[in-house]
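One chain comes next, on its own, written as structure tokens: the form predicted alone.
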Amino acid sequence: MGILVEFGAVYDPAINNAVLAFDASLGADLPAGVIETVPSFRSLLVRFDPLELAFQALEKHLQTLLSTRDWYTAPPPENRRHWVLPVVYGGKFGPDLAEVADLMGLNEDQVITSHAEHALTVAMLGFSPGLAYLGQMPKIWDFPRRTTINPRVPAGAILVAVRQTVLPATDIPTGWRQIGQTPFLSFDARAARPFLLSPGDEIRFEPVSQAAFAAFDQDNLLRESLQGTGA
């Protein structure tokens, strides 16, 4: 069973911040019987075992926690990771870069600069294993997704539309526009920690050469990200 805690009706950074801050606070003192919490753009699903935790008891606990502060202005989770991910923009790594530049009324270098200069928050994971929805870009990035589907973009593709960036961890079909690719892979089903990105994490993209892409050391990046959390 589950209880859905809704903080708004649409995606908005303040609403998503409330979801992530509330989830972090709840997770710091999770009641026995709660199986997992699943944050989304605007809500938090709290799954629980009704044989171990009564619905009414969990509902009261959640209502009490909700009343303790203004969650829309709460600070981000303290344990979130800060990532700097290398990206090759354009060419075979970003076949839609020129099209995106036309939609934005910029040249390709300006698109790259704009995309790389903004730190983005992992708003939620979904659609496919490890796929991260990141937001929010400035209004100039508010253009639609395609009306047709690309049957396959690779893991690590940098996908953009509607003021968001999407970062898939596996190959997927998509209508989002690909402007680059990172060698970083955020999902490994064989690893002790299969999902590397978590809602609330902060990501900044760094333009690199194809040679740097080929020489990327994911283990070194993971060590640096752990240092950023104090772990």
Partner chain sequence: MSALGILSISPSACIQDQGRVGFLRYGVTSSGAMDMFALAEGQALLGNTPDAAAIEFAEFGGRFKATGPLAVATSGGVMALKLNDIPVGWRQVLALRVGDILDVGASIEGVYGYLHVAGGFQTERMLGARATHLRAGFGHVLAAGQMLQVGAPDRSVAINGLPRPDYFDRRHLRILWGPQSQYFDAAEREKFTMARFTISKMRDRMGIQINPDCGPIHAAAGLSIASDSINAGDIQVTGDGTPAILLADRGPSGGYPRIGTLVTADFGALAQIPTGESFTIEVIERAEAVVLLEKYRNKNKVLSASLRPMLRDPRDIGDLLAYNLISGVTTGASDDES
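Everything quoted here is computed from the prediction, not taken from an experiment. Positions refer to the first chain, counted from 1.
Same protein, other form: the form predicted together with its partner chain, not shown, and the subject of what follows.
- Only one of 45 to 53, 62 to 70, 177 to 185, 202 to 210 lies within 4.5 Å of its partner chain in the predicted complex by heavy atoms, and it is 45 to 53.
- Looking at A32, you'd find every heavy atom of it more than 4.5 angstroms from its partner chain in the predicted complex.
- Not displayed here, its partner chain is kept clear of F143 by more than 4.5 Å at the level of heavy atoms in the predicted complex.
- Looking at V100, you'd find every heavy atom of it more than 4.5 angstroms from its partner chain in the predicted complex.
- In the predicted complex, A28 stays away from its partner chain, with no heavy atom inside 4.5 Å.
- For the candidate set P76, G126, P154, P95, a heavy atom within 4.5 Å of its partner chain in the predicted complex is found for exactly one residue, namely G126.
- When contacts are defined as a non-hydrogen atom within 4.5 Å, none of V84, Y89 and V162 contacts its partner chain in the predicted complex.
- Although its partner chain is not shown here, in the predicted complex the stretch 3 to 25 places heavy atoms of L4, E6, A9, V10, Y11, D23 within 4.5 Å of it, in sequence order.
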